[in-house]
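What follows is one chain in structure tokens, specifically the form predicted on its own.
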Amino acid sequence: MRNTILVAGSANLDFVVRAEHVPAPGETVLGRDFSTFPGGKGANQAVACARAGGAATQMLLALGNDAFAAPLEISLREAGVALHIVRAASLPTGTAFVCLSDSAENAITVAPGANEALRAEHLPALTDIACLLLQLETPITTVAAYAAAARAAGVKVVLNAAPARDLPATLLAHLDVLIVNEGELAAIVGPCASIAQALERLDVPCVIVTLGARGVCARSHGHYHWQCAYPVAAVDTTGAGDTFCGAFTAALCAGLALPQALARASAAGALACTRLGAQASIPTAAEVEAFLARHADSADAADARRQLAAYCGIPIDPTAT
């Protein structure tokens, strides 16, 4: 039986400055604390998969021959991720520059560097792979080639379409699951009257839209599912979306039903918001279990789901999940 997740994507060293607020265009803000953290959407999601448990995790990534590569390798290996490293000798390791505000919001600029070196021929054998998790911080032609190869090999393909960009129809055709936020959804389908209308335009078996503090809406094979956000005191939202994607993919690979997978992924993402850093904030499976036990459905859960469905423009069936 296939029981391994392969994450193919980016790894960046994050340079993080804390400030009162994120600067507006042309504005200079005096920051305070400065730290570096291992990051990159692909690497964050690989760590989230590994810490979620239930399946072995591998990652295909490209790094430079520089000092920035070492903390990324260490973080991934310590999380239990097996690595397939492409060494891009002529390019620096990817970096990201993050301004983190006191309200936990952030502004991020990425310098891809070695991430641009990933090519179709670098994909390892998929013999033991059950799920392939992709993002868009590497060349989109490479992402499309990986998705096509995985589909041909009978591997489930999950794409987190971030950062936002147009997606070719050939890539969408090879997906089993598409995960986006509201902005990324709009970038793919264009202006729509509602989230529901946008979802109906996508011919992907399962599409999941993360809605920040509101929660998550999913459309799977024509049926809608909702997961309200868990209330937490947010400290840093960097990496929360990546944590959701990794935890969801791990749950999917472990055979959990969609509502349970959404709940676990939402809990993991909520916990990540309560800590600084991207990979440093990602919770373990035991932490997620304890969190879920403390946040069992309350009496007003049905009403919260109705409000979330209304925001998405979906008439809700009281019996819907």
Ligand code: RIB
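Owing to the predicted nature of the structure, the values given are computational and were not obtained by experimental measurement. Sequential numbering from 1, following the sequence displayed.
Although it is not shown, the form predicted together with this ligand is what the next lines describe.
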Considering this ligand in the model of the complex, find the one stretch among 22-30, 55-63, 265-273, 36-44 with heavy atoms no farther than 4.5 Å from it.
36-44
Answer key: of C228, L91, I195, I108, within 4.5 Å of this ligand in the model of the complex (heavy atoms) is I108
Counting non-hydrogen atoms within 4.5 angstroms of this ligand in the model of the complex, say which of T249, T210, T138, T238 makes the cut.
T238
Heavy atom to heavy atom, is A278 within 4.5 Å of this ligand in the model of the complex?
yes
A96: touches this ligand in the model of the complex, heavy atom cutoff 4.5 angstroms:
yes
Between 12-32 and this ligand in the model of the complex, list the residues on our side with a heavy atom within 4.5 Å.
N12, D14
